[in-house]
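In structure tokens, one chain follows: the form predicted alone.
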């Protein structure tokens, strides 16, 4: 079987981590008899430098013609002074919207080999955790009306959060379906004691829960959720929340796994095509130095095989290879901590994972 994959390498460490994932996919193709056709397109700062736009039409068209999309990272200090509407990060919102990707899946799993890398207390770490954050991706404050106006204290900026019943229903249903495939436990995160959008969110989620009586459903306020993630992460299985809350909580979840360099993500819509990316940024301070951790991008490629191509055995093969590399003591610098020796390069970590496939 042949699969057409659009590569959006982007900025900073994006090219090197995407190259690592491509090498792993090519090994999977060789092992399982698949063929992957990779086509690269510009996005983010590098697209601005060459075209003046963070998301050229050619990139959007290429992604729409692909079976799925693998993204590295965008942004960097070089473009920080640009207006908001042409910053590299604007491309992420644009490509998600163009592809109709409203569901973001962010697994956060503590590998036993990385227990010492987690900042949590040993008694918490010993329990382990394996949770899935389901984040609404194309609504909320990131896509609301914004601007400047004269306010009570003079000139002020504003950003508007809005959610419709339909938007909440579709992300809620995706979360309930995800829970059905796991341990049938779902926690919905909101701020219903303050925000009107959260009160609608909670009302819609309660109605949906009647359709899934097998799922143990509960609500939690976002400030409590932030605390509970570090106090007792093992209590969570599937978590569903809004765009902004999901953005924040998933980054928090990444840190308790040992490194943000470990967390993959999948962005999905109504069809099989998705966009897969690590949740970390472009890390311009180490770009081009072969120091980046490629594991989050490699695990994102594994999610692509699973969710978009229904290649479950192939996806599991990658996950097992990552686990074995870690169990054998191989670490990039972010997994070792400051001042500790023994780190291997981005390309060497990729090679080790390939050896275990």
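Note that the structure is a prediction, hence the values are computed from the model and not measured. Positions refer to the first chain, counted from 1.
In what follows, reference is made to the form predicted together with 3-isopropylmalic acid (IPM), a form of this protein that is not presented.
- The candidate stretches are 123-131, 148-156, 88-96, 169-177, and the one lying within 4.5 Å of 3-isopropylmalic acid (IPM) in the predicted bound form by heavy atoms is 88-96.
- The partner is absent here, but in the predicted bound form a heavy atom of 142, alone among 111, 142, 236, 163, sits within 4.5 Å of 3-isopropylmalic acid (IPM).
- Proximity to 3-isopropylmalic acid (IPM) in the predicted bound form, defined as a heavy atom within 4.5 Å, holds among 279, 192, 101, 256 only for 279.
- Taking 3-isopropylmalic acid (IPM) as positioned in the predicted bound form, the only residue of 233-250 that brings a heavy atom within 4.5 Å of it is 247.
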